[in-house]
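As a starting point, one isolated chain is supplied in structure tokens, in the form predicted alone.
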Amino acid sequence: MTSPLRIGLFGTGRIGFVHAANAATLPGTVLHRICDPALERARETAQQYGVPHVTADPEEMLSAGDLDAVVVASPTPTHVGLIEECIDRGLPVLCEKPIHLDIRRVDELREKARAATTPVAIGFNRRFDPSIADLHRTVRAGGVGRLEQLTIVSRDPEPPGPEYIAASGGIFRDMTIHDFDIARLFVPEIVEVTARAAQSFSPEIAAAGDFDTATTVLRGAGGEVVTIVNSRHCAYGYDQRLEAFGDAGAARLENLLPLTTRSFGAGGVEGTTPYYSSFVDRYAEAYRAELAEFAEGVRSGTVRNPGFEDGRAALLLADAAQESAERGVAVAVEPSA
């Protein structure tokens, strides 16, 4: 019988807890070590999932010599350093997005990541959402003909807190970066970015110098047009929709519902349950599939998760969108980026 893959986890915040639950419960994986300066929170997570080792010291965890892979779900400024440590120690690593908020720090690590003999995966979990993956298969199989337009709608139910916003890097690097990765999944070569953004409703976000509302248009090398619509609030829940349109038709992904019951009565028809209230719930299956794919890739030696270059390319698009929104101009990007 194959031994379970022993995973070490950096970070036990909201997304770290998702990875902890998955690593502890997926067949063939075990959550073996946790590292987080917030020791009380880390110990609570460890107790819940039976994790034997908890520390606040990254060196202690990485030098233990009893890990098969690492998941990095700690704050963004720690990502580059932890990825580099994992590369140096030959530990496969799955790191949450973004790699860093500063593309220069990403590029400082780029050659080492390219030359690494162990996998470096970036956590663009939405590629593993069953509905998005099915839509992508439909487009690749020619179901809409030649792709001409891709429309992505992504609205959060409510803004994160001021402390998070202040350290997030802005709406494009924090929120839209997931949409940039999905855009690249369908249209790999993006050559131009045009973004328009506003401070429409949140004084806290405006005070941080960020935008709460944005629309970004990407132009592909083949003339494809990708439109991304974002908002930091949405009265009816977590709004996640996607449409691919081509010369032979369209394929569309609507919002998913926790329950599919519909009610009919004198007060109205087609009544449904509300949409999901957070990304954790809406993309729970995607997070689980992402880690399962990574674990299987570590075992087989062929990790197919999005990699370092995907993380870098999405950050470049985010930087271009930020520049476009601030300057009011279209920004050219390299097709290979």
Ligand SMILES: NC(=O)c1ccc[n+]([C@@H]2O[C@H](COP(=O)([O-])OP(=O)(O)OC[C@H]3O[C@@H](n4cnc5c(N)ncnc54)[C@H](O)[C@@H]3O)[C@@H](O)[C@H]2O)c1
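Only a predicted model underlies this, so the values are computations on that prediction, with no experimental measurement involved. One rule holds for the numbers: they count along the sequence shown, beginning at 1.
Heads up, the form predicted together with the named molecule isn't pictured, but that's what we're talking about next.
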For this session: Name the stretch, out of 243-251, 78-86, 258-266, 151-159, where some heavy atom lies within 4.5 Å of the named molecule in the predicted bound form.
Result: 78-86
Seminar exercise, completed: Checking 299, 41, 53, 288 against the named molecule in the predicted bound form, the residue with a non-hydrogen atom inside 4.5 angstroms turns out to be 41
Problem set entry | Contact residue in the predicted bound form, chosen from 184, 232, 127, 178 - any heavy atom within 4.5 Å of the named molecule | 178
Problem set entry | Contact at 172, 202 and 322 by the named molecule in the predicted bound form, all three, heavy atom at most 4.5 Å | no
Exercise. Within a 4.5 Å heavy atom cut-off, is residue 36 in contact with the named molecule in the predicted bound form?
Worked result: yes
Problem set entry | Contact flag, residue 316 vs the named molecule in the predicted bound form, heavy atom cut 4.5 Å | no
For this session: Look up in the predicted bound form whether residue 15 has a non-hydrogen atom within 4.5 angstroms of the named molecule, and give yes or no.
Result: yes
For this session: Spell out, yes or no, whether the shortest heavy atom distance between residue 73 and the named molecule in the predicted bound form is within 4.5 Å.
Result: yes
Exercise. Which residues in 89-103 have a heavy atom within 4.5 Å of the named molecule in the predicted bound form?
Worked result: 96, 97, 98
